[in-house]
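Two versions of one and the same chain are coming, encoded as structure tokens; call them structure 1 and structure 2.
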Structure 1
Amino acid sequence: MIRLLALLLLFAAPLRAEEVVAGLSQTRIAITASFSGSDILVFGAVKRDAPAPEGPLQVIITLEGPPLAVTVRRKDRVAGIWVNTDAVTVSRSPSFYAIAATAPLREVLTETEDLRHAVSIPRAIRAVGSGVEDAGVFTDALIRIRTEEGSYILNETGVDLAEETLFRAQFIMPANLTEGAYRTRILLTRNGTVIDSHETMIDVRKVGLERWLFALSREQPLIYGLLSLVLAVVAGWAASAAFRYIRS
């Protein structure tokens, strides 16, 4: 009976002419007190059981940090004073999002496929229930700010593809990473249509003293505050003593 079910599942599974096989240079990033960023190498190959179909093969790779809700506010001048007026809550905004491809996205992915797989940066962000007429201006501002600070990256020639089989791309991750699972996606496209995809995760965690201080600030905020005060007093006294010693 089990063999019969396995046989039925085998025939029921969709046949794929091309399949992506990928790996990462590391699947875990430890954030320490001296952490200054990290490089991730994504590499892989395209597995075929038959000659390649018509049309050039393209590869898109995305690296996405944990999604967060963000409130974007607009300042207007009222009676000579700049104040917050309208606000839009972006319900889903990746804390980090990087895209690398073998060619410009408009050439390797149709609008329909972009909408279906949420690949481009505007598609990866979702703002609902804003109640503001020009809500798109707020999401555009969020994308512009995060692009300028290096949290959103689009590299349309960042994937090296050799003989339509082997591919590789390198991502530079900044020092201000948010903890969590970072989703890595590899998509194969032909004529703008996604023909196969592969997903894997990178675990980003604080460790050592950084982890201990973070946990203490969340679980014991009073002790964390007193400890910070004591350290500030000791540091001030030490600096003063050193200055007096130098003068004497």
Structure 2
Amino acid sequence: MIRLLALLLLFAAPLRAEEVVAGLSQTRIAITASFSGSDILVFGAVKRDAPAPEGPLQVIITLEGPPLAVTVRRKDRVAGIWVNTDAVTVSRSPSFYAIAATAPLREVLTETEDLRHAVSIPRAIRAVGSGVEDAGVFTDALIRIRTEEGSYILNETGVDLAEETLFRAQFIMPANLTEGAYRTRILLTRNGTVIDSHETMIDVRKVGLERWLFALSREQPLIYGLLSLVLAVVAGWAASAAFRYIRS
């Protein structure tokens, strides 16, 4: 009987001794006209069937906006003026990327695990072959510019972990959000190796007037363009009429 139970348990929790159970404070973000950013709380617990193994448990949480291809250009001096000369295309670069962890990344994740799961900012970006020799400088520049504008955030003490079981992290999403599915990943590591991960999506969508204008501009561009003109002409005429009325 005891043997059977042990066998059942073995099947119920195959391979994974520790598992993430997680939640988000919200899974939808609605972008309205007055949208000025949003706070996301990612929280959860570690489920264990056996006593915790050796080595400290670490948690890494990432929040990733829709990836887009970007071109990074560099200026050089040509005949006295500064001109864009070299360019490198980065085929995949998230429009927003935030990492929170319990400790500095190089302590909680090995190089190979980083490569496998594409966690750190340089790993989350992918550059493609280019004719430029020092392509790495271009991705460095991309990271530097995005970090300065607050689109890439690395917070190495951003996750609170209590009793090796409960964890939580707060993310501040900026006002300049691109619409799309934001991937949230929670990675559990021990000795730099990922032992479990969990993924959910946050849906960032325009709503109301924002949604309507965006959809119209994509689906009926001619009508949208003409509507912009009507708006402009009416506003111009109305202002002129209003001023004449005030003056008379």
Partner chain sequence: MQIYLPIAEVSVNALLLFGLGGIVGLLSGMFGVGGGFLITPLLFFVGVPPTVAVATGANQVVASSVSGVLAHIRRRTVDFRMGWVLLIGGLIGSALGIWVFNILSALGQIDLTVQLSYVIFLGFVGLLMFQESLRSILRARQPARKITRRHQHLLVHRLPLKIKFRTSGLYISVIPPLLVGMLVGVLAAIMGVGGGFIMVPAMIYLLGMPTKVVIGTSLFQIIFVTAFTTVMHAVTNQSVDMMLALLLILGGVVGAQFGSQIGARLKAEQLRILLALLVLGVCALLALDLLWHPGELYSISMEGRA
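Just so it is clear, the model here is predicted, and its values are computed rather than measured. Please note that residue numbering is based on structure 1, beginning with 1 at the start of its sequence. Only the largest set of C-alpha atoms that superpose within 1.5 Å between the two forms is called the rigid core.
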inquiry  = Two copies of the same chain, shown separately. Which of them is the form predicted on its own?
reply    = 1
request  = For L68, state whether the C-alpha moves by 2 Å or more between structure 1 and structure 2 after rigid core superposition.
outcome  = no
request  = Please say whether, between structure 1 and structure 2, the C-alpha of S197 moves by 2 Å or more once the core is aligned.
outcome  = no
ask   = In whole degrees, what is the angle of rotation of the smaller rigid part relative to the larger one between structure 1 and structure 2?
value = 12
task = Quick one: how many Å does the C-alpha of S228 shift between structure 1 and structure 2 once the rigid core is superposed?
result = 3.7
Angstrom displacement of the CA atom of W237 between structure 1 and structure 2, core fixed = 6.2
